[in-house]
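Quick setup: one chain, the form predicted on its own, written in structure tokens, and binding and motion questions come after.
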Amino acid sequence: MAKSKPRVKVPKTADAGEIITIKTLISHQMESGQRKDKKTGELIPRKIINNFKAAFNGTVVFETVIEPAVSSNPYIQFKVKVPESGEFKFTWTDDDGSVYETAKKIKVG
């Protein structure tokens, strides 16, 4: 499997108290653990992104548990109110303990 790569869209600027939309996508195969390898007949081990968390200036503003039924390359969109300038930190956690992170800044005027 290729290395998981997160992509995030956050507006560069916003007004104080504005509700913004954040869009995230991570390239990930999301193997459910229910398919069999065609050559060996053995089950392919489960490997999914099982948790997504978004924090703004250190405070978690959105979090979700992701289940095996989610398709590959999970897309998550949510809204959040931004009171001040700062940084969003996005974290995806995989079944095997792998953590994928990225961050985006926003300027509030």
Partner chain sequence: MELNKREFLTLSAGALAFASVAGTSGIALAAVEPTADEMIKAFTSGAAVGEGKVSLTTPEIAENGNTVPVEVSVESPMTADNYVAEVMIVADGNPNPGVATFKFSAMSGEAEASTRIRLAQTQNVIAVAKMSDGSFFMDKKAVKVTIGGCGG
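Note that this is a predicted model, so its numbers are computed, not measured. Positions refer to the first chain, counted from 1.
There is another form of the same protein, the form predicted in complex with the partner chain; it is not shown, and what comes next is about it.
K.L.:
Looking at the partner chain in the predicted bound form, do all three of Val99, Thr102 and Gly109 come within 4.5 Å of it through at least one heavy atom?
P.N.:
Judged in the predicted bound form, none of Val99, Thr102 and Gly109 sits within 4.5 Å of the partner chain.
K.L.:
Would Glu63 count as a contact of the partner chain in the predicted bound form, using a 4.5 angstroms cut-off between non-hydrogen atoms?
P.N.:
Yes - in the predicted bound form, heavy atoms of Glu63 and the partner chain come within 4.5 Å of each other.
K.L.:
At 4.5 Å between heavy atoms, is Ala14 in contact with the partner chain in the predicted bound form?
P.N.:
Outside the cut-off, so no.
K.L.:
Using a 4.5 Å heavy atom cut-off, state whether Ser71 contacts the partner chain in the predicted bound form.
P.N.:
Ser71 belongs to the contact set for the partner chain.
K.L.:
Would you classify Glu67 as touching the partner chain in the predicted bound form, given a 4.5 Å non-hydrogen atom cut-off?
P.N.:
Answer yes; at least one heavy atom of Glu67 falls within 4.5 Å of the partner chain in the predicted bound form.
K.L.:
If we check the partner chain in the predicted bound form, which of the residues in 19-42 reach within 4.5 angstroms of it by a non-hydrogen atom?
P.N.:
The stretch touches the partner through Ile19, Leu25, Gln29, Met30, Ser32, Gln34.
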